[in-house]
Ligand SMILES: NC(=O)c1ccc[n+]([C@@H]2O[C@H](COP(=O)([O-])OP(=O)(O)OC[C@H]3O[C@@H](n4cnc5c(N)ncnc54)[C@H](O)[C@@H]3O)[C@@H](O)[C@H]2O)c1
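Given as structure tokens, the chain that follows is alone and in the form predicted on its own.
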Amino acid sequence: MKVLVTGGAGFIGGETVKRIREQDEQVVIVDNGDMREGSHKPEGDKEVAYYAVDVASKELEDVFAQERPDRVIHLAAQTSVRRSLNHPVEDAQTNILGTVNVLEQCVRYGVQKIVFASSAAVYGNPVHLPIAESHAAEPLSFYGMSKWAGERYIQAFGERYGLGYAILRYANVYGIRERRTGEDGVLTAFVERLLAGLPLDIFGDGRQTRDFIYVKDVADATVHALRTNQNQVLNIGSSTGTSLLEVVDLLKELSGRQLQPQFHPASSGDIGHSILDNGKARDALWWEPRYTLYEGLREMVEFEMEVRKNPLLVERLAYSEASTSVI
């Protein structure tokens, strides 16, 4: 099987490509190399084809014509809530028009199935917790709206052309990031600032809860979804809500340091609470998260400590804003 992965050089994409290659499948990466999204060309695996192409560009058809993939994982996206509010045209260009372009090529070149990275941001402020897939979609940000539009286009293409699909609504994905975007998630920012001896910035009162899911668990779920035949929408999360204040306590335990958060006004577009019900994904994908939040944070801290021993690697790090956006 040949799998084309858009955004395959990014944060989630890199882990997903590793999982596919571990199964000895062919991989084609399409990625625009946008450093703001943490993309970087993968090294060391000559069996992986890499195309520096934007998913919204006309050049995407050339890649499909050349490679003829069997299945597609569509991860390429503009992922910042803040940027979507400040630059809605850019957000829509990538997340809506780019998705439609991918779908057109899938139909034109006989792709069997597409796995789409959506987001818990499509739900908006939840009416009940945990949030099931049947919950109404009421996105608060342009980012959430663009992901919701992408979902609807995929379902329409499925109905019209018979394209198989799995729509995965990711919770707050965290983990080791080998490149910085300046708008990384709150856990990345916390770990970086912890090791730099800086106060942990919290936007809001810290009582807001998030469903944090480790990137390796997300990659596992995404690859599992490649092999299912049923068209479906699935939550990919831990089904556990953790407040930012609880995260601070975990980092105190891990580091043995006394940490004092620094509070700032809440960010526009952020929701109060988000916990996803992952029961449907457990049943449909035969999948469940393997990492607890403590274990995932420990891996992040250990990685960052090792990075700081290498001056050349430290240069690539830029302290991130602590965004609690659901991506």
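One-based numbering along the sequence shown. No experiment lies behind these values; they were computed from the predicted model shown.
The following text describes the form predicted together with this ligand, which does not appear among the structures shown.
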{"item": "Position in contact with this ligand when the complex is considered in the predicted complex, options S84, T188, N172, N235, heavy atoms within 4.5 Å", "value": "N172"}
{"item": "Candidate stretches 199 to 207, 73 to 81, 105 to 113, 126 to 134 - the one whose heavy atoms come within 4.5 Å of this ligand in the predicted complex", "value": "73 to 81"}
{"item": "Residue contact check: T94 to this ligand in the predicted complex, 4.5 Å heavy atom", "value": "yes"}
{"item": "V122 within 4.5 Å of this ligand in the predicted complex, heavy atoms", "value": "no"}
{"item": "4.5 angstroms heavy atom contact with this ligand in the predicted complex for S118", "value": "yes"}
{"item": "G279, heavy atom within 4.5 angstroms of this ligand in the predicted complex", "value": "no"}
{"item": "This ligand in the predicted complex - contacting residues of 15 to 32, heavy atom within 4.5 Å", "value": "V30, D31, N32"}
